[in-house]
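Below, in structure tokens: the form predicted on its own, a single chain.
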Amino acid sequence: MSLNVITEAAPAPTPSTADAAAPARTLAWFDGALHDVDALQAGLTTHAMHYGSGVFEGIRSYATADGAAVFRLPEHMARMREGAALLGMAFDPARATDAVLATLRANRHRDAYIRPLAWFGEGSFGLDVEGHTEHLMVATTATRVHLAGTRARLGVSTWRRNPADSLPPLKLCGAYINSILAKRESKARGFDEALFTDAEGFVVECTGANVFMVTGGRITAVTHRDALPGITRDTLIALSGAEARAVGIDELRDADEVFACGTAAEVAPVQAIEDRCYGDNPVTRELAALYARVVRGEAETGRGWLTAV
């Protein structure tokens, strides 16, 4: 497949992490105000610490020719609101949006990973969330995280992904123990990342990224009811016209190219799944290059996805 790649000249380079006059200390937004991140503490009876009763998002901002911009911020806020509603937690997307932008401005971050987190705080022990304080924080970091564009080697996990009829595929804090177990297992076996499959052998996703494959130049987005409906996944389908459908592990292994995608991972080519090694990945590289231009505002496609900081 040949993508409709936009080839206009890129703008002059901009600082990738922060301005020269960046603050000496990192600030985080917490319950309505900015604080020194090292001064913030959580009480020992924090409900989320004991029971995982929180919801978060992973969001990215990018340096563009017009300054920092956050990619698909409204979609992230909408998904976070959905998770908060399941927990019975008050969540105002407009307030959270203002908090994200204020934290980026305060830290003078351009290329940054953004972590908003809403959770139930101090109170008594027990599963009931009523009576616990509710908190919202936003932290930003210039550090790249997760796969970060590397050629990952995937091990097929013996753990199953949380089934959607037990835990909805949202970014609920406690649900990610499932990912931690799978990733620990795969790394102990010498792999970079874990790949979830279901009991029938259909591919679900990686621990924190969706999966695509390329066969005969055609791009396919792996679909599974237990997988997170990724915002990066949705972006890549829109950019490439990829077909979205269920894919078995044998079909995935036979593909010409496989790549993972997510806010943190962006477009990460897969080097191997177990003992199946993949060679050159021209379609993945082309799509990754297009995605990089879109998130930095260098392509007309997707300009409406950027929120100026």
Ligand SMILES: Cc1ncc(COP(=O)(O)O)c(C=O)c1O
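For clarity, every value in this text was computed on a predicted model and none was experimentally measured. Residue indices: 1-based, along the sequence shown.
As for the form predicted in complex with this ligand, it is not shown, yet the points below apply to it.
Only one of A142, I237, L228, A96 has a non-hydrogen atom within 4.5 angstroms of this ligand in the predicted bound form; which is it?
Partner contact (heavy atom, 4.5 Å) among the options: L228.
Work out which of G208, G155, G121, G83 lies within 4.5 Å of this ligand in the predicted bound form, going by heavy atoms.
Partner contact (heavy atom, 4.5 Å) among the options: G208.
Although this ligand is absent from this view, report whether T223 comes within 4.5 Å of it in the predicted bound form, heavy atoms only.
Although this ligand is absent here, T223 would stay clear of it in the predicted bound form, with no heavy atoms inside 4.5 Å.
Verify the contact flag for G54: yes if a non-hydrogen atom of it lies within 4.5 Å of a non-hydrogen atom of this ligand in the predicted bound form, no if not.
The answer is no: G54 has no heavy atom within 4.5 Å of this ligand.
Does H76 reach this ligand in the predicted bound form if we count a contact as any heavy atom within 4.5 Å?
Yes, contact at 4.5 Å.
In the predicted bound form, does K171 come within 4.5 Å of this ligand, counting heavy atoms only?
Close contact exists here: in the predicted bound form, K171 approaches this ligand to within 4.5 Å, heavy atoms only.
Using a 4.5 Å heavy atom cut-off, indicate which stretch of 261 to 269, 46 to 54, 238 to 246, 26 to 34 touches this ligand in the predicted bound form.
That would be 261 to 269.
Within 4.5 Å of this ligand in the predicted bound form, which residues of 273 to 291 have a heavy atom? Give them in sequence order, or say none.
Going through 273 to 291 in order - heavy atoms within 4.5 Å of this ligand in the predicted bound form - there are no hits.
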